[in-house]
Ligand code: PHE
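Before any questions on binding or motion, here is one chain by itself as structure tokens, the form predicted on its own.
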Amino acid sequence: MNKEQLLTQLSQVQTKEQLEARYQSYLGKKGSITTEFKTMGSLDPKAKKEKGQLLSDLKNSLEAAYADKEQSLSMTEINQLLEKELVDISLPATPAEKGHYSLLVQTRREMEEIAQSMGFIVATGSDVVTKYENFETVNIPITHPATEMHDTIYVNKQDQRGENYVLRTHTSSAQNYVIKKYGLPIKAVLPGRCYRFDEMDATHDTMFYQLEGIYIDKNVSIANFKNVITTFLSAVLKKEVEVRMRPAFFPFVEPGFEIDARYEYLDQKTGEKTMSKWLEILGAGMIHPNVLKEAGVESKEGRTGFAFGIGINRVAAMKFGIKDIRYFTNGDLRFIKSFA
């Protein structure tokens, strides 16, 4: 078989159909070159080597020529289509819509900026954590009901202790990590997603956003906390906020508080200024000694601190008058665009 003759035949075809037919006649399952390869078994070693080199060279040359010709024919087809289907480039293009932050991102970034202006750093933790991080580091016993499957979402992968990782149920799981990473004193906020196996309704979702705050230094008191949280909430809600602290139990703080807030507003019906109802807005308290000890902070150093956790979804709902938090994550473009 003459290589130059075969290459010339390939170069002269005019369509992809003709090109494919030529290729199959040479290199297809029943092609002439394929057949020649099959006959090599009856040759002596020297003849087999010589013929094998010739056939391999011929096959490689034809495959390269076939690829070049196929690309050439494709370009010819494209050029012919462009000549037939002219595009008027003077027509105005479809305007691109300008993107914007979602309400949750707007609210989170605003809360972060306010916290930074008050001397807090912004840190993050992992969404997937060990049971040790999620529970034991924040003084929740491993036998606590919250560790059961009906409250916590587990993943298949296991940690070094042979326990399944969990999707964190609160941003408090990052306290231990942040204290060890940055040392003391520390003022930090930790925003992020949390996950709980909840029934979804207007006020509950399986995933929600939370902002954790911690402040640890020498002789930090409840008075320090009340001052910080009042200033923070007033800045977030853009209103002069009055704070009420009610005793509450959380395993990772002692004592613990439920924080309610209210503010003055103008009653549209009467035209008079009045106080809003008390709104439960976050949980907080003085960090439990066991949490500090687990992070390597000894009580004899005189270090104390407070922690608080506030739902970003709840704050956004309050700020924008949204009654159902599922709107934040259901992907409804009508809702998203209404706050552009």
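A quick note: this is a predicted structure, and the numbers were derived from the prediction, not measured. All residue numbers are counted from 1 along the displayed sequence.
Beyond the structure shown, there is the form predicted together with the named molecule, which is absent from this document and is the topic of what follows.
- For the candidate spot formed by Ser172, Glu212 and Phe252, every residue has a non-hydrogen atom within 4.5 angstroms of the named molecule in the predicted complex.
- Contact with the named molecule, judged by heavy atoms within 4.5 Å in the predicted complex, is confined among 281 to 289, 45 to 53, 27 to 35, 62 to 70 to 281 to 289.
- The contact residue chosen from Arg262, Arg196, Lys187, Lys226 relative to the named molecule in the predicted complex is Arg196, the criterion being a non-hydrogen atom within 4.5 angstroms.
- For the chain shown alone, Val315 is not a contact residue for the named molecule in the predicted complex, no non-hydrogen atom being within 4.5 angstroms.
- In the predicted complex, the named molecule sits within 4.5 Å of a heavy atom of Gly309.
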